[in-house]
Every structure is written in C-alpha cells, then in structure tokens.
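For reference, the chain that follows is the form predicted on its own, supplied as structure tokens.
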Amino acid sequence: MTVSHWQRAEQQERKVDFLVVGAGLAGCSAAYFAKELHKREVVITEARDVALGASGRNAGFMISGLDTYYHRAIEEYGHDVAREVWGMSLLSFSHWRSFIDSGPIDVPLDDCGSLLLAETQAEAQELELAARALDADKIDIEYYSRDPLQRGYHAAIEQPLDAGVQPYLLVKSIMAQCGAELIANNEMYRLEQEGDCVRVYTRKFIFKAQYVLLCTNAFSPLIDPYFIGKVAPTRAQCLVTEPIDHVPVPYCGYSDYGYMYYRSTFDGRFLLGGGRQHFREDEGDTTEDRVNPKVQAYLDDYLRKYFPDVKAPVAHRWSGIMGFSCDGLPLVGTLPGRPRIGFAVGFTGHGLALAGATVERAVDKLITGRHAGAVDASRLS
C-alpha cells in the first residue's frame, strides 16, 4: 500500500504502546485482549473505518470449524489440530456472545444453527463421512441422509450451536468496548523495527510503538513481502433480495463444500452468496472491490434453481475481499527478525468462526512469546 508525498506532508511523530493495524473483526478483538488481558494502552490505525472491509461484507455466519469438512480436516492437519481448531471456533462464539450481551449496541443474533447441504451424491457421501467423524468426537450434530428442505439437495448435517449475526454491528460493538483509540482514514505504507521500537509510517502519523499487531488479512501481502505466497486475497460476492413474506431456509445454509451460502436477513430479505469456484481466474488473487457479472449471473441462476419461491427482485449486490492462507489455517506469529511486529491473518473465509480465539493467542504470543498452537505460523517452516 502506498501514500504520496503530498498526502503525508502534515505527518506527526507519535509514541504508542500497542498499535493494532486494521479495525475489522480481528483488529478490534485484538485491541480488547491487549487492553483487558495484558493491560496495554492500545491505538488502532485503519486505512478506512471500522468494519468497512470483509468484516462488514460477509454473510454473518458463525459456523463451527474450518473451511473443510471435519474428516478432511483430520486427514489434512491431524486429529489433534482438527479438534483444537473446532474448540477455537466455539471459544470465538463465546467471545462474540459476550460482546453482544455486554455491548452498547443492539447486535441482532439468530441462534438458528447451520445446515451443511450436499448438492451431489458425491458430496452426500462426504457429508456422511464428516458426520461419522463428528459423532466419534462427540460433537453435537444431526445427520440427514436426505434433503430436510426438500429443495433438491441430497443430504445434510445440522450444527445446532451455530448462528447468524449482523457482522457489521458486531464489529462496531467490539470497537465500542475495546478501550482503544481509533485513527481512521490513515493508510499504512512502511514498517521498521530498530531495537525494541517499531516505526510505523502512516498517512497521518509516524508511530513509534512498543508492539505492533497486523490484523490486515487479505491486504497483508501489500504490507510486507513475508506474506506473499502465505496469504492470498480472494473476492467473495453476495446478493440480497427485497423483503419477502416467508423464510426459505430457517438456518445458515451452506452447500457445495462451503462455496455456496444463504440465509434470511434480520429485515426479512434473502441473502445468497458464493459462486466464485466457477470463476477462479477472476476471483482469486485480487483486492479489487467490484462485483463480477459472471458470478452474479451464477447466483441469479442458483436462486431460480434451488429457491424458486423467492420471487422478490434483487435489491443489492456487493463483494468483499477475504484472506486465504496457504494451508487453510489462520496464521499467527511475528515477522522474521522483527519480534515486536506480530500478525493474525489468513482466516480463509471463516473469520467469524476463528478470529476471536486466534487473535487472543496472537496478542499473547506477541507480548509473552508463547506458542500459538495449531495456528502458529512456525508450522510453515
């Protein structure tokens, strides 16, 4: 990310204790943990404003676990990691509920559970294997060998502990409770560490910080070369209809291995997102915030196929840029040779599932050096 000479002409130098870069879900939560658990004085700097990136553009799904079926997570990461990360998602949900209960903002939350649906017979077989693995670990789910919605799906897993939330208001509420000062509209363009001091160059200030935590997710490769090849920006797209008179899916619906997702909104509309898997060349490795007509046309076709009862016209279409890690797990660590610059990035579309527990570990690692477990970036070595 860059800032011109003209834009930074009024820069001032400022000393801070703990600086968070990014005012999304991860950044605001990290600020809370740094202040409440480690008694640091926290400042958040943000290129735009609170939750204007992916944190305020997603579907608001609190869905347990990783961006892969549970038995596949066991195969890829090992049983211990799969169980640990599942537990991290439940801890994250506990954090979100605590923020909602104690915050000054009314944040809509629907304890509707989620429904993972198979669009093909092959995916139905995968769902059955996932259900067996979840049952073996005594995780509360219900498996359906048919389509409980009677909409043309082949099987389903119901996860009753999952929920739908208004994501933008959730982040706003966390920001209001984190005790940090926010400096908005303040792009960052350079990082340096000299001894125990980190110099962070931004449009308005040159910060001299004791600790810096990057919660920059998809935009991390634009900030430091370390993240190139480790975090890939990936665009997701959604649409929402005008209000309708019924609830087509009384869950957070998830299908095609998580590539498609849908729910009713709190103001009576139907939200549908996904489709990027069919247009990977357009949607991967981009930070361009725009809708792709091809993806939107796919969403329109999907709506007609699986939800023909939703007759209301589309009211709004949008996109958001997610940060996908190179192995599907979030990344927590410090930059090589710069131990005072930490990061919590790469949530792979599951920030609402994992960000709370992940940034709690990230703050702890940055300040105490404690290993971050399954999400510690040292695994990439």
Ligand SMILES: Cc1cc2nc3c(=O)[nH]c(=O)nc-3n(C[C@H](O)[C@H](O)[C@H](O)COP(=O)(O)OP(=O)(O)OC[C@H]3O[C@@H](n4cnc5c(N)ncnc54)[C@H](O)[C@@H]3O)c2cc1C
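So that there is no doubt, residue numbering starts at 1 and follows the sequence shown. A quick note: this is a predicted structure, and the numbers were derived from the prediction, not measured.
What follows is about the form predicted in complex with the named molecule, which we do not show.
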32-40, 318-326, 332-340, 66-74: which one contacts the named molecule in the model of the complex at 4.5 Å, heavy atom to heavy atom? 318-326
Please tell me which of S89, Q166, Q237, Q159 lies within 4.5 Å of the named molecule in the model of the complex, judged by heavy atoms. Q237
Y261 within 4.5 Å of the named molecule in the model of the complex, heavy atoms: yes
So in the model of the complex, does E187 come within 4.5 Å of the named molecule, heavy atom to heavy atom? yes
Does the named molecule get within 4.5 angstroms of any non-hydrogen atom of F219 in the model of the complex? yes
In the model of the complex, V21 touching the named molecule (heavy atom, 4.5 Å): yes
For the heavy atom contacts within 4.5 Å of the named molecule in the model of the complex, list the residues of 53-72 involved, in sequence order. G53, A54, S55, R57, N58, A59, G60, F61
